[in-house]
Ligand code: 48F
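Just the one chain here, laid out as structure tokens, in the form predicted alone.
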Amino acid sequence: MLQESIISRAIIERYFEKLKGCLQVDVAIAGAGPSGLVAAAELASAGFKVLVLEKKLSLGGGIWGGGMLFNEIVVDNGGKAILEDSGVSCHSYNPTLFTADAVETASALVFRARKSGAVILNTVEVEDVVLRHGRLAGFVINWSPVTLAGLHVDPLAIEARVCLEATGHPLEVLKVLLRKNDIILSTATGGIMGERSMTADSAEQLVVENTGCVFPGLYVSGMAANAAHGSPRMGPVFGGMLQSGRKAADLIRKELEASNGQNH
């Protein structure tokens, strides 16, 4: 027999069990777009405790719409390899470019991240950061519908050994970090340099090059990396985004492993 109160209790108890288990994590990722999901899957597969926060109801960032709502995306050879690791079918368009179904891609990246062990909380946004001894130590979070409704509701906090901003074009974490604190970033100007207009070829290369640590405890990946470092956008080409997520995971893994070694 289905009893309404039992159904509600099951949802409430399971969600809060999940949330309580993520108050302290190895890696907290803001943004469940392509780079954030790839990083989450690879870090969780390596045995780290990973939490992904996404302010929207849907996951996958800009993948779903493809180019102007034509739900196909383009990747290069490096992106193709990562998609195939996630079970996505890629189709050759020319010797160096491949297409993939946007719906299949977004679904597969989300599924891989989740099955790798990453916890994903949607409709949760980062509204501030936790700073401790000159290092980012976590995210201050709230329900995104609270912001949309204009309600004054105090937030909660998540502690993390390392944080990753993968919020894409908005660059939400770095903006609040700079607005509220007198700090200098590891960019050419020491601040946010801003996203430039579209140049797909250089943007695809630079999004990987720009991926890295911009402040102690905080890494950037995907379009957030290009926006931080003043590089152009690339449109519905996702190979660089996927490779950026993989690079971020590798850099974060090395930092965490080095930290583990120092603690022994």
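Start at 1 and count along the sequence shown; that's the residue number. None of the values given here were measured: they were computed from a predicted structure.
Below, we turn to the form predicted together with this ligand, even though it does not appear here.
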| query | finding |
| --- | --- |
| 4.5 Å heavy atom contact with this ligand in the model of the complex for all of Glu54, Ile63 and Val237 | yes |
| Interface membership of Cys163, this ligand in the model of the complex, 4.5 Å heavy atom rule | no |
| This ligand contact at Ala32 in the model of the complex, heavy atom, 4.5 Å | yes |
| Exercise: Gly79 in contact with this ligand in the model of the complex, heavy atom 4.5 Å | no |
| Distance check, Asp101 to this ligand in the model of the complex, heavy atom within 4.5 Å | no |
| Candidate stretches 153-161, 125-133, 183-191, 82-90 - the one whose heavy atoms come within 4.5 Å of this ligand in the model of the complex | 125-133 |
| Neighbours of this ligand in the model of the complex among 148-171 [non-hydrogen atom within 4.5 angstroms] | Ala166, Thr167, Gly168, His169 |
